[in-house]
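So this first bit is one chain, no partners, the form predicted alone, shown in structure tokens.
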Amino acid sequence: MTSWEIFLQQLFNGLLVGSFYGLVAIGYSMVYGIIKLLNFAHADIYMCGAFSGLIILGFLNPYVGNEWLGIIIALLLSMVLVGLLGVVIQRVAYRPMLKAPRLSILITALAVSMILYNTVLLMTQGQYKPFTTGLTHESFYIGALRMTETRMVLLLAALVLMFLLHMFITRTMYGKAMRAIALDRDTCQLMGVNVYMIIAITFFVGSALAAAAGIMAGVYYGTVHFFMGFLIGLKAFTAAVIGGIGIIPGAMLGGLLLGLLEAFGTQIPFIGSSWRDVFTFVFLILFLIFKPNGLLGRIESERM
């Protein structure tokens, strides 16, 4: 392959994987922006989304098949179910802790994470489960770019979900309420905004997008397992920090940038795929030294 062909191929690969990171990173940023919580259970929500999609797709297979129609239906149903799971977790575990010290709610998030992945561990006996679909993986070329139908559709779907979220945040009353609460929750409550309902909607949307990313990853990689959220959770959190934690466009941008960084990092001599993660986190350290608030972040001062 020529240098130009390698560049195009890695550009596409980076955007695809980065779109997964971006979808998960959005959930981190949304929750942090609203209640200043680093929701470490979010990575396990992503894992639950992958398994719920696998179960639903298996149930639908005799009726609609396991190709695109079945995958789309499974994705939509999983987004709703896992979104509701996020709301339940928020109501049971986080809402009673909103006025507690931040360390307390952070420990609660870690506890929720352990409950989720240990539950799935017991249910699956720790085994990798094949995410079987009827999709073909025949490749074709667009100019010098080699791709498959599956990868192209997954990238387009992720970008569409990001665009729909952007429209929801910027054009709807609930999105405006989210942005207002992120600025000043107490004032919004005094002005009659139902803060708890908006927080629940935030968890629903963030969890639904994480579920969508989980199903897309299952389709892309072909397997799912109980610990699949750990590494992507770290990377999605990294993407949120790079973009500016609490800023949704920053999470999208950070996810895509991180995916591109990984893809092109594998082409650097002496790094390759085995050192890809090391390269990524070294970049994060250097990036935060020079721009600690992220690409779109802003310096905030605490009010006394």
Partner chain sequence: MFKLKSSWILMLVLVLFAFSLFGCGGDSAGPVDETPDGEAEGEFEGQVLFGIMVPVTGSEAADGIDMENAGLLAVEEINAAGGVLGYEIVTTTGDDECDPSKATAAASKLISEEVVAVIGGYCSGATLPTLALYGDAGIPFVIAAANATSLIDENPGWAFMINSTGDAQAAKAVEWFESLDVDTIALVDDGSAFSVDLKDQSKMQWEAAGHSVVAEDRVETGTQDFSAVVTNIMAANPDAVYWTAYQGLGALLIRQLRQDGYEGVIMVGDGSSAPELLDLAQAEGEGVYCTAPPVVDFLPAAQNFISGYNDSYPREPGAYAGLMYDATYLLVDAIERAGSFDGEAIKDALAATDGFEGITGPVGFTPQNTLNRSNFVILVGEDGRWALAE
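Positions refer to the first chain, counted from 1. Since we're looking at a predicted model, the values are computed, not measured.
The form predicted in complex with its partner chain exists for this protein as well; it is not shown, and the discussion that follows is about that form.
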Report task. Tell me, out of Leu155, Ala182, Ile199, Leu81, which residue has a non-hydrogen atom within 4.5 angstroms of its partner chain in the model of the complex. Result -> Leu81
Report summary line: The one option of Val87, Met97, Leu159, Ile73 with any heavy atom within 4.5 Å of its partner chain in the model of the complex is Val87
Query raised in the report: Which among 103-111, 141-149, 159-167, 174-182 is in contact with its partner chain in the model of the complex, heavy atoms within 4.5 angstroms?
Result: 141-149
Report task. Using a 4.5 Å heavy atom cut-off, state whether Asn293 contacts its partner chain in the model of the complex. Result -> no
Query raised in the report: Would Phe237 show up as a contact with its partner chain in the model of the complex if we use heavy atoms at 4.5 Å?
Result: no
Query raised in the report: Would Met191 count as touching its partner chain in the model of the complex under a 4.5 Å heavy atom rule?
Result: no
Requested in this report: Mark Tyr28 yes when one of its heavy atoms lies within 4.5 Å of a heavy atom of its partner chain in the model of the complex, and no otherwise.
Outcome: no
Query raised in the report: Each of Ile6, Phe51 and Ser274 near its partner chain in the model of the complex, meaning some heavy atom within 4.5 Å?
Result: yes
